[in-house]
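Take a look at this single chain, the form predicted on its own, given in structure tokens.
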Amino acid sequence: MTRYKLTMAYDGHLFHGFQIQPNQRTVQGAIEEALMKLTKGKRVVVHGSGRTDAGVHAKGQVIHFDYPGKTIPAKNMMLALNSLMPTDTVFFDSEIVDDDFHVQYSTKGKWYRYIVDQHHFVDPFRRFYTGHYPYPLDVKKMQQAAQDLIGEHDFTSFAASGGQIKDKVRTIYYVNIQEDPKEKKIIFDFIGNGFLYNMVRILVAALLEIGNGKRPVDDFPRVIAAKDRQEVRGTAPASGLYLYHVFYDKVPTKYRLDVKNN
């Protein structure tokens, strides 16, 4: 058995999430189907760094699997899989790793990006790849509020029901919100040691309320302390969310605002 680690991108619009599900088109299912062709019928279980939901995209999803039989060079494995995978996916990096590497448990951090389209009407060419918010936003207020998310907190108030994890304590290392006036987009970047079910989408919904004046700029400390999902009821659409990068080495210092603030 040879353990392969591959990095991939996919358009999540036509996938029912990453994790394999009966009678649904999933990313994991598509990869395992391709591997079954390579192994001539043997099932190879694929592990992903994160279980993106239906409609969520990835620029840097990472997977691993143990391949039975003769070792294939890492580059050849990537080429073979790309030739068998659907065109809304692509592998762009591949390596052979030690048996103790695990794509989920070896992570040091994850980077999610959320893109909001601010056109007055929904852009038909962006509707599956952004969240749509046509109302006025004060980006400076959102940037100010985001600083209260940095560090270790219990994020129960920002976790959707249905998540299986009881421990809701996570550390957010970095939040950045930038406006692209020319493209009428706002880009939210979050880097942390892990994120709860729908957490990034709920954070974006709350930040948009602050930017629009519906929520006070200093509200996050109160919401975090409440540990109550009812404090933030909104969830931004899946279409704007991207798993952007997974860190397996130390998260670079430039993204450790939690350290700089101490």
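Heads up: residue numbers just count along the shown sequence, starting at 1. What you see is a predicted model; the values in this text were computed from it and never measured.
Only in words, not in the display: the form predicted in complex with another copy of the chain, which the text now covers.
Taking a 4.5 Å heavy atom cutoff to another copy of the chain in the predicted complex, the contact residue among 251, 9, 20, 238 is 9. Residue-level contacts in the predicted complex: of 78, 175, 85, 115, one residue has a heavy atom within 4.5 Å of another copy of the chain, and it is 78. Taken together, the three residues 13, 57 and 124 all come within 4.5 Å of another copy of the chain in the predicted complex, as judged by their closest heavy atom. Of the candidate stretches 126-134, 188-196, 98-106, 141-149, only 126-134 has residues with heavy atoms within 4.5 Å of another copy of the chain in the predicted complex.
In the predicted complex, at least one heavy atom of residue 89 sits within 4.5 Å of another copy of the chain. Along 202-239, not one residue places a heavy atom within 4.5 Å of another copy of the chain in the predicted complex.
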